[in-house]
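Let's start with one chain on its own, the form predicted on its own, as structure tokens.
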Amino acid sequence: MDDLALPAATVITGSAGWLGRALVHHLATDAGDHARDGEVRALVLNQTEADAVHAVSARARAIIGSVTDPDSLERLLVGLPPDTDVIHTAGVIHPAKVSDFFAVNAGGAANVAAAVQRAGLRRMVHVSSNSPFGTNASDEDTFRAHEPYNPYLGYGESKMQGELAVLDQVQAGLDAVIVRPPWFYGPLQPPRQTTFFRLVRGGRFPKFGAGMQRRSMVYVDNLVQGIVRAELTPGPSGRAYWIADERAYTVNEIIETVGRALTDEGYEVKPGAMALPVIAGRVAERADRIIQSTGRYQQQLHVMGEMAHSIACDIGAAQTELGYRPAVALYEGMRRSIQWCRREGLEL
């Protein structure tokens, strides 16, 4: 099956974020693997974010607005030709309060999907998450192409609602596909990923039980490839795909591989991890649920509770239907991320 032609224009929401800037780099610079000649519009919240996008590509046109403001989405899409694709990456992962999840992840997706449908544009790619499906039933379990929703706390519920809002517009005629990345990593990373490196380097990354929980992860350039394949591969509207590295990694393997990458990049690494009983993760998860029920959010508790579970997915459908071929695995991806941190002057 032939790919769709490149769109006349591309719109990226959340373009100043980690994934958004990676997409701008790949789509709007000559150095990108998926560069295109058409206009690239980038939705940003303010001038600081516009400057961050322009630092990646002067060709990207930054438009100030918000996915929570339907009027600004109308301004974002005005004047675009019908042969335009919209890649919706905007979202919040670790907000100040639970209501932010629903305003941005659920309401924002609904607003974007409705605006794209009204504008009559070609295709929307909605970037979702593993969280609408919760965690695996066991360390040996793997999420397949079709799984029932089982959202994990507020973030998972909000991302599920976002998916359902997009699918509602599909029923109204929108051409949209959904990609579901798990934990991703790589250059342009936010501060939380730098903290991850510091914890591994100091032998303090939390490991629950025997460390055999399995985690699917995705290098950011692999994720960009998967998004572009979903965008340009003809197929039925409403399809959803897991986009991750070739296979899942155990927590033990993640800690060992990141430690090896740090060592090979010249950093001194203390072997081991902070060993915790699985029950400690369950206690953290319980505390997380209680705190979120009051409308508040505490990032460290949330991460600890989730790390005690496996979250592994099967990318077979993306490989078969989209021709997705993740080229970078954990060791190489982490080395590239560490090298980026050094270039940015970040202390690991």
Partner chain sequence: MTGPASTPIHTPATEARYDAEILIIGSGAGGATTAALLAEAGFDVLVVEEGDWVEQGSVVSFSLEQMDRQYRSGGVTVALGLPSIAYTEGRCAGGGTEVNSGLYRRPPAELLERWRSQYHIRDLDPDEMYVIADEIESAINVTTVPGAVSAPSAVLRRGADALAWQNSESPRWMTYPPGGSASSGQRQSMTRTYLPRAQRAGARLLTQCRVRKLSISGTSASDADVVLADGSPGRIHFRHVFVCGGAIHTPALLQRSGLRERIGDTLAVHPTVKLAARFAEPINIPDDVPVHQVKEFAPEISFGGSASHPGLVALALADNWGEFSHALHEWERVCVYYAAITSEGKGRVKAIPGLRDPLVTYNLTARDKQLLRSGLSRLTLLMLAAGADEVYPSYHNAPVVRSSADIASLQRSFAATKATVMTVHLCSTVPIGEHPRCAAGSFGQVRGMRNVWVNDASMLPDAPGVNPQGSVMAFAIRNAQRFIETERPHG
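Residue numbers count along the first chain shown, from 1. Computed from a predicted model, the values in this text were never measured in an experiment.
Another form exists, predicted together with the partner chain; not displayed. Remarks below refer to it.
Remark: all three candidate residues (Asp141, Arg144 and Met160) come within 4.5 Å of the partner chain in the model of the complex, counting heavy atoms only. Of the candidate stretches 145 to 153, 184 to 192, 117 to 125, 67 to 75, only 145 to 153 has residues with heavy atoms within 4.5 Å of the partner chain in the model of the complex. Although the partner is absent here, Ala275 sits far enough away that none of its heavy atoms falls within 4.5 Å of the partner chain in the model of the complex. Remark: Ala96 does not count among the residues lining the partner chain in the model of the complex, judged by a heavy atom distance of 4.5 Å or less. A residue is said to contact a partner when one of its heavy atoms sits within 4.5 Å of a partner heavy atom; Ala137 meets this definition for the partner chain in the model of the complex. The shortest heavy atom separation between Ala103 and the partner chain in the model of the complex exceeds 4.5 Å. This chain lacks the partner; the member of Met212, Val92, Leu199, Leu164 within 4.5 angstroms of the partner chain in the model of the complex by a non-hydrogen atom is Leu164.
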